[in-house]
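Just the one chain here, the form predicted alone, laid out as structure tokens.
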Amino acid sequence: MGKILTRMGDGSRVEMTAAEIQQDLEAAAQDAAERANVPSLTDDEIKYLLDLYKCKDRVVGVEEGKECCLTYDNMTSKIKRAHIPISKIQQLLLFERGLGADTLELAHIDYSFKQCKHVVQYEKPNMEQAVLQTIAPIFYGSMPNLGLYSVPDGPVANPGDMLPLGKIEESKEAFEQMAEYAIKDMVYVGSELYEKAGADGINFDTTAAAGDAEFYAALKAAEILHDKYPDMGIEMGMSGEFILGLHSEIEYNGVRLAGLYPQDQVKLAEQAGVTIFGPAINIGTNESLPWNLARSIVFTKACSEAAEIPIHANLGMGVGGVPLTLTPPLDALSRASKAHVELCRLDGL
């Protein structure tokens, strides 16, 4: 039987037989289903994914009529990676008018709310000018990045130093203090850019990278902003499929956050006032892309079915069945995008 050219989770090329790919698809789907306690993939869905990888076209696309819109994170740093020296506003114009972007996002190069609060007065004129020159909705994006609030970068004792010493309660208190600082910064930056500069919304990107306390902080910030500005767009993109319990007991609206999978994360995001939710399913670099994609589809499909708000799954470097590479290869990215849109009934990517 002929070999099928595909990739591993790190982007490296690999050849597999159809039987090997099917075995990976079935194993990964079962793994995800057991972890999140959600349905696995059907036989028809496994066949769909197998046919997708058997297709010899370098780039694939969704069927006509199944197109979806796209939202972006850290947009104004993407062109910098290509060493093209143009301004933030010119980059947004390039994305909108040259690349056909559905939404735009202004961002600071140091993509964390704690850092952005120091330059928000400089970001507001950029946002004002960008809004005047573009048509697509514009978000202001950044990361909660709770780690910046602990020593040596912030004022709070570092839980990472206390946990190995068995100082559990002190560590929990530190996480709670860090969360309060983060909430204030996120609300301040979001308010300034929305109320005074005309942004259409705010994007909490890579949420919960520092665990359950960071997820709590982002939910509370979203809740406050939604109460202040009911028409504000609030996008929340996650950092992984599973909320790490670094605090372990922190709750939001009576729900313990540690251990939540996407179908439960999105329900809390809805309660907080989030208007677009982005589940993120991590890549296993030592597993094949078929394995990674099947696993991502199971989590994302369950999230989409549970949601009442638009779902824009995270499909970028290292998440959503896309290899962990700075510039994802088109063969991998297009297959992951097509499968997510058509099997998970997504509103966007």
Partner chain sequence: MSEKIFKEAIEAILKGDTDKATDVAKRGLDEGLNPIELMDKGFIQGINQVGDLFETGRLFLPQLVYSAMAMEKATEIINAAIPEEKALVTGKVVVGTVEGDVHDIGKTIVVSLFKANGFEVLDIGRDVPVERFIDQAEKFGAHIIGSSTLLTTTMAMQKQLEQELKKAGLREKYKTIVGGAPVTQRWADRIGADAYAQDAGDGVKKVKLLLTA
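Positions refer to the first chain, counted from 1. None of these values were measured; they are calculated from a predicted model.
Unshown form predicted in complex with its partner chain; subsequent notes refer to it.
Query - Heavy atom within 4.5 Å of its partner chain in the model of the complex - residue from 86, 255, 119, 151 - result: Only one listed residue qualifies here, and that residue is 151.
Report task. With its partner chain left out of view, choose which of 39, 61, 284, 316 has a non-hydrogen atom within 4.5 angstroms of it in the model of the complex. Result -> Spelling it out, the residue with a heavy atom inside the cut-off is 284.
Requested in this report: Consider residue 251 of the chain shown here, and say whether it contacts its partner chain in the model of the complex, taking contact as heavy atoms within 4.5 Å.
Outcome: Outside the cut-off, so no.
Query raised in the report: Within a 4.5 Å heavy atom cut-off, is residue 246 in contact with its partner chain in the model of the complex?
Result: Residue-level check for residue 246: yes, a contact with its partner chain.
Requested in this report: Using a 4.5 Å heavy atom cut-off, state whether residue 35 contacts its partner chain in the model of the complex.
Outcome: Although its partner chain is absent here, residue 35 would touch it in the model of the complex, with heavy atoms inside 4.5 Å.
Requested in this report: Flag residue 158 as yes or no: does it have a non-hydrogen atom within 4.5 angstroms of any non-hydrogen atom of its partner chain in the model of the complex?
Outcome: It does: once its partner chain is placed as it appears in the model of the complex, residue 158 has a heavy atom within 4.5 Å of it.
Query raised in the report: Can you name the residues of 305 to 333 that have a non-hydrogen atom within 4.5 angstroms of its partner chain in the model of the complex?
Result: Result: 317, 324, 326.
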